[in-house]
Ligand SMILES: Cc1cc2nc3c(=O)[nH]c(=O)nc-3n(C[C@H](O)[C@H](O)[C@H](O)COP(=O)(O)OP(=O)(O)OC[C@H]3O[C@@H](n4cnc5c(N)ncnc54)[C@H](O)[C@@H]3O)c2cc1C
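Okay, here we've got a single chain as structure tokens, the form predicted on its own, with questions on binding and movement later.
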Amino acid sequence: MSTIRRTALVVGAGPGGSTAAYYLAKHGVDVLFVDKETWPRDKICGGVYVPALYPMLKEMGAYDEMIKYQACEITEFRLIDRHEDYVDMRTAPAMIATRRFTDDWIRRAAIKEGADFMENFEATSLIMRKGVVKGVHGLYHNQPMDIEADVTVIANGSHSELTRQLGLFPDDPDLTMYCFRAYVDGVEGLAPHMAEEYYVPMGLNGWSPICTTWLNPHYGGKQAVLGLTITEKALRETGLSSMEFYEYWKNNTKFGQERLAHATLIDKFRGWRLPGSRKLGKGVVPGAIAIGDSIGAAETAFEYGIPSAMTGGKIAADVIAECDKKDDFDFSELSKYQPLAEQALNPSLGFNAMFRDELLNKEEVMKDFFRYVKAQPGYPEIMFGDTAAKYMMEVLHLDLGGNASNQ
């Protein structure tokens, strides 16, 4: 069995892992990042890159290439309740793009900056010595290989066995979301720059705030990303499958019938598991920092995981670079990551959790929010994030704690 030795190892080449690798290389740290897939690879996702990420993507040199491959720029948002009333609002422009292309440009940015990359490497378990992570055991083209490192960044997603090994992986059925996505053609009535999110109507046996069907337009609105998101808790309570929720929405709701009356699936539905957080969980252990979906860092209202992963990746790289300068990777030094990451991420995670728990999860409050939105001067030319925050503070009297929403 062969062994590789590096200063920093990043496990996972998605947006979070590639961002960590990019900034580690930029700081001059000897870094190798690995991924089990052959690249470019597809990622089952809605493919939304929110504006909060643009400064980082521009610094990495990935933004211009990603824009070339975007399928749509979202500037409007329609929120539809389970009685099929709705409100329309503006959003800061967000990129809708296929992650096969966009994630690859972030990965390429890390390589261009000087990070070494190895694909077809599956990390199977952590190398542990006296309670300290010292790298990973793995399979490279199905052959055993160890990669040892002074510090390991764990960024290998929502099925990470590495964070399970450390006891860091979250498992809350009310915050764990099951998502299904397909591309459809022949969609009717979808505005070319408007994303629509539909909450499950009254006819179903049970309801959860994240039982939603959503459409993100592609190429003028006739094509779209069609998705379904439902919590693990809701699946258990209703006894229905995800596809049964989808079939109900398509066949028994006004919007489902209008949008999909003549639509055809371009590909089949594929699904993924997305654990979310109301606040950032523990992400540091001796010898390792875990980021993104590997510790369930997605927000819980609109299921965005990329911002938390990329932000966590940059902060992890900055902390590790300081350790490298001092030649000190002690736990006390790595632990500086946690408060910095919490400061950066908890305002948005908390805001989205409150929006979900105090508004989306309460039918009468959601009705009142719709009335409030429609009564605002200039409606519908008002901003969604600002209006939602204003309602939560002025009407619900919630302390948003210096919110910095990614919406």
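Keep in mind that this is a model prediction, so the values were computed, not measured. Note that residue numbering begins at 1 and tracks the sequence as displayed.
Just so it is clear, the following notes concern the form predicted together with the named molecule, a form of the same protein that is not shown.
J.: Of the residues G276, G135, P307, G283, which one places a heavy atom within 4.5 Å of the named molecule in the predicted bound form?
T.: In short, P307.
J.: By the heavy atom within 4.5 Å rule, which residue out of R78, R99, R259, H218 makes contact with the named molecule in the predicted bound form?
T.: Of the listed residues, the single hit is R99.
J.: Is G350 close to the named molecule in the predicted bound form, meaning a heavy atom pair under 4.5 Å apart or at it?
T.: G350: no contact with the named molecule in the predicted bound form.
J.: Is the gap between G292 and the named molecule in the predicted bound form 4.5 Å or less for some heavy atom pair?
T.: Yes, G292 lies within 4.5 Å of the named molecule in the predicted bound form.
J.: Does A155 reach the named molecule in the predicted bound form if we count a contact as any heavy atom within 4.5 Å?
T.: Within the cut-off, so yes.
J.: With heavy atoms only and a cut-off of 4.5 Å, decide whether C179 touches the named molecule in the predicted bound form.
T.: The answer is yes: C179 has a heavy atom within 4.5 Å of the named molecule.
J.: Looking at 116-124, 237-245, 83-91, 259-267, which lies within 4.5 angstroms of the named molecule in the predicted bound form, counting heavy atoms?
T.: The contacting stretch is 116-124.
J.: Could you pull out the residues of 51-70 that have any heavy atom within 4.5 Å of the named molecule in the predicted bound form?
T.: Stretch hits: zero.
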